[in-house]
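Take a look at this single chain in structure tokens; it is the form predicted on its own.
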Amino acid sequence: MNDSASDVVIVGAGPYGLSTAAHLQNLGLEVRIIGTPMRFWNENMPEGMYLKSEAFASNLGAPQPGMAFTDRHPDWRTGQPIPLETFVAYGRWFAAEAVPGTEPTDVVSVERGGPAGYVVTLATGEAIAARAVVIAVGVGPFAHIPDELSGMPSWLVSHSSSHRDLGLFAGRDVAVVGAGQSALETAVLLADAGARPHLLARREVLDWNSVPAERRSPRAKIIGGPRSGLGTGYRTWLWAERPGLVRFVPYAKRQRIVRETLPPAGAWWLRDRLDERVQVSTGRLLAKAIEQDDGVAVTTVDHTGRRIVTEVEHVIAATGFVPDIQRLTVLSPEIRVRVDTRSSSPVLTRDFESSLPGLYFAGLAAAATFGPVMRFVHGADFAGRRIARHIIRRTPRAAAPPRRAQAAFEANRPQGGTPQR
């Protein structure tokens, strides 16, 4: 075993891990970021997908200028959807420029102990003693499959985040459960791939987002509220742009904000693509699913109480992600028991630190504390900045930081000051 030490280990190299590392790495600390940049986005999101967020809400966070998506693509228009591959390429470019030295391996375990406070063991066998550990694993570990579908074999029931190539379902009958963007887009992409999708939605009516206006009149701005990373509206702006204030909202109301902000709805540009190729059944509550022959019989109940059986060859649950610290098996059982939680989410300080000093959580795991923006890329800069500042304050060696990442960035910046496409 090859032992080493580091001030900070960041577990995960998605938007939150990369943003946190970018804020830390030019401040003189030894930072190890473990993970392949943007791997979940590249391997677990379907080909042909588009981001629902606007360009200005798809920026990763860094202390130096010129690293935003809108810097990389300055001509991207409001309302122009971002292809998945474009966002993945941006994230990888960001990693190469702002976070040199990411390590494309996996963390096997995080345990308390060692001279620094934590021991992080990698798949390579290396054990790293670390003062601080940032858990930035994204949404992957929290994929939610309803109880009515759980326990079924993976070749019959899967989560929407399990599929990169939906062409595997060409010529097959597939039920998609859900009513949000993931469900609607999965159903459309299945149809594009030659499958026969059947959308089963609990909602009585599918909701669709309106076309965003590139320019709004002063009156529209006053009535509709400011535009933010989560949409338009005064309260929406507060949740999106001032997540630090959400901590002070009473817990029950805070949970309601997380649950009700941006409820299930499809992007406006997807609406015309949900055509006759997709069978849509709304107002259906899941009752049970059983294996039948080579497929699945899904029983749903409509608003009259009538039970309806849908027979398909596979079911894709596009039913979102639910944070639960017990599903973070990378953490030792001792840590999972000792971290204070509420409704299975870690209780965090204003700096994203858990009840165990030096252990931080970013991304979806922080939504119960900081609100709905932690479900989206837009929250990455705020989280990375807060976490980095707290770690710096608590780490003595940060007093006179050499600005290594800034120097590397300036050396590689194209002439003219703006990163090129």
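Note that residue numbering begins at 1 and tracks the sequence as displayed. Given the structure is predicted, the values throughout are model-derived calculations rather than measurements.
What follows is about the form predicted together with a small molecule, which we do not show.
Whether residue 370 contacts the small molecule in the model of the complex should be assessed with a 4.5 Å heavy atom distance threshold; does it?
It does not: once the small molecule is placed as it appears in the model of the complex, residue 370 has no heavy atom within 4.5 Å of it.
Although the partner isn't part of this model, could you tell me whether residue 375 comes within 4.5 Å of the small molecule in the model of the complex, counting any heavy atom of the residue?
It does: once the small molecule is placed as it appears in the model of the complex, residue 375 has a heavy atom within 4.5 Å of it.
Mark residue 76 yes when one of its heavy atoms lies within 4.5 Å of a heavy atom of the small molecule in the model of the complex, and no otherwise.
Contact check for residue 76: no, nothing within 4.5 Å of the small molecule in the model of the complex.
Determine whether any heavy atom of residue 363 comes within 4.5 Å of a heavy atom of the small molecule in the model of the complex, and answer yes or no.
Yes, contact at 4.5 Å.
In the model of the complex, the one of 187, 130, 136, 316 near the small molecule [non-hydrogen atom within 4.5 angstroms]:
Partner contact (heavy atom, 4.5 Å) among the options: 136.
Could you check which residue among 119, 98, 240, 330 gets a heavy atom within 4.5 Å of the small molecule in the model of the complex?
Selected residue: 330.
Tell me which stretch of 22-30, 36-44, 381-389, 351-359 has a heavy atom within 4.5 angstroms of the small molecule in the model of the complex.
Careful reading of the contacts points to 36-44.
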